[in-house]
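Below sits a lone chain in structure tokens, taken as the form predicted on its own.
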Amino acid sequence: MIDFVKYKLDNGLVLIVHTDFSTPIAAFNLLYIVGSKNEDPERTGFAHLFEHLMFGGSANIPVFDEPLERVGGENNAFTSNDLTNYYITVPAENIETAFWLESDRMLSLAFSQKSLDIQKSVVLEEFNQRYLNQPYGDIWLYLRPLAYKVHPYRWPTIGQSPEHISRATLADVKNFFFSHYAPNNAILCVAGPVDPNEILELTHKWFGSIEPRKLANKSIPREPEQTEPRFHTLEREVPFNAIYKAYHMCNRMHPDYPAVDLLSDLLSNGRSSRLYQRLVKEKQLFSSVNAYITGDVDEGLFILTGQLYNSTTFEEAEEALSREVEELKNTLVDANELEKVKNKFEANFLFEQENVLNNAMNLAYYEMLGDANLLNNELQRYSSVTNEDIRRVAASTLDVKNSSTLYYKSKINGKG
């Protein structure tokens, strides 16, 4: 049970405070409800670009890191399809430095053509390194638009094309900033050995005068139901053939979400899981095989993927995966097998709560989902999943009509 108190300032900023005296470190987590799904289809990658721009200086503070390092703090950020998260850890007695730094960034960045050009170059290099210059790196550039035809999840967080970033003007990024990075689009969570009243006072002091802003349109088109399987083949200079299968699944707050998540764990969480034991160890069709969910807020993807041995054809790989899927649809999983993956989830969930920064991030995330207290209900949601739930969601999710399959063929050793 994570205890917290919640406030809302007049400008719309939500504040959550979790007091934890087990650590001398305080976590300051500022979540903006803007991710890649909120981007203009002709200007993708902006949320991620801001992850870099936010460290290029703000209205009154030219260098972000130096004052934080002087008080023993650290910081970082990440961007997803649904959100952008900036976080700081600092000795609790120096927490006001975090308020000073983040409130100035929310007030305004130090926009300049020079700063924009530098960060655009950094992001373009990251695009090349992550997607184009490493084996299998471009998978999501093809699998996402194969699975999604309407929803903005069809492009990756870093952007659909490097051209979108290279074309970004100073006016474009200013417009994106003032349409999304606002107190009325943010959730602040402070966790650690702190007094809620003092944190509320600091929040009023540093954020209270920032005016709410007119936010960009938040309407996101819903992906139509997929009614037939889709296929795509890539051929690259990679050492092994690989297969990727994506199935549309329910959204993050759907009652079936925990069952689908546990379904992926049954298939591939650890070396005792079904896919590893049967397809890697016993039949030796794959050198590695995996199942996971993307965990998106809107309807996400259930992914099956594996690297094939050179002796394995794509048809043999498909057939083997299909047999495992069909078994889950038609046969109830053993109670002990289900209990094992539930226990593993619970252990990981509770272990995560030992870290003050994780708690700050999670409380802010669940507040974005609708209520920070949902975090305290999550174990119950997972523990109530039955083997009949697993069979039911396997049948509804892992339907061939709902699948998008990508064959990643090796030009070097591939066997079609």
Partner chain sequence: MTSHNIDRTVQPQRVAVSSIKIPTPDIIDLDNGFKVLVINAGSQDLARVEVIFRAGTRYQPKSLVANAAISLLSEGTTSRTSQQIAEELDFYGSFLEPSFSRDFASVTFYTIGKHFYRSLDVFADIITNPTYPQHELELFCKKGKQSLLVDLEKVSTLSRQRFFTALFGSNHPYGSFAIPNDYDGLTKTDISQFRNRYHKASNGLIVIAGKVDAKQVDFILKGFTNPIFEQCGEIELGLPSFNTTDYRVFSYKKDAVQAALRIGRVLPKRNHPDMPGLVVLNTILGGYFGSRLMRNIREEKGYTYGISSFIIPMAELSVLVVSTEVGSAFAENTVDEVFKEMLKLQSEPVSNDELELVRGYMTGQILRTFDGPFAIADSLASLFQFNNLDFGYIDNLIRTINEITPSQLLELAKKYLDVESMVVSIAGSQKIKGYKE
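Residue numbers count along the first chain shown, from 1. What you see is a predicted model; the values in this text were computed from it and never measured.
Not pictured, yet referred to below: the form predicted in complex with its partner chain.
A.B. asks: At 4.5 Å by heavy atoms, is each residue in F177, L234 and E327 next to its partner chain in the predicted bound form?
C.D. replies: So, no: the whole triplet misses its partner chain.
A.B. asks: Counting only heavy atoms and a 4.5 Å cutoff, which of 317 to 325, 99 to 107, 164 to 172, 79 to 87 contacts its partner chain in the predicted bound form?
C.D. replies: Partner-contacting stretch among the options: 99 to 107.
A.B. asks: If we define contact as a non-hydrogen atom of the residue within 4.5 angstroms of the partner, is H52 a contact of its partner chain in the predicted bound form?
C.D. replies: The answer is yes: H52 has a heavy atom within 4.5 Å of its partner chain.
A.B. asks: Closest heavy atom of V280 to its partner chain in the predicted bound form, within 4.5 Å or not?
C.D. replies: Result yes; V280 sits at the interface with its partner chain in the predicted bound form.
A.B. asks: Report yes if any heavy atom of L15 sits within 4.5 Å of a heavy atom of its partner chain in the predicted bound form; otherwise report no.
C.D. replies: Output for L15 is no: heavy atoms all beyond 4.5 Å of its partner chain.
A.B. asks: So in the predicted bound form, is its partner chain close enough to E354 to count as touching (4.5 Å, heavy atoms)?
C.D. replies: Taking the distances in the predicted bound form, the answer for E354 is yes, it comes within 4.5 Å of its partner chain.
A.B. asks: Find the only residue in D40, E69, E378, D371 having a heavy atom within 4.5 Å of its partner chain in the predicted bound form.
C.D. replies: Selected option: E69.
A.B. asks: Which residue, P229, G137, P239, G295, has a heavy atom that falls within 4.5 Å of its partner chain in the predicted bound form?
C.D. replies: Selected residue: P239.
A.B. asks: Given a 4.5 Å distance limit between heavy atoms, list every residue of 238 to 277 close to its partner chain in the predicted bound form, or none if there are none.
C.D. replies: P239, F240, N269, G270, R271, S272, S273, Y276, Q277, in sequence order.
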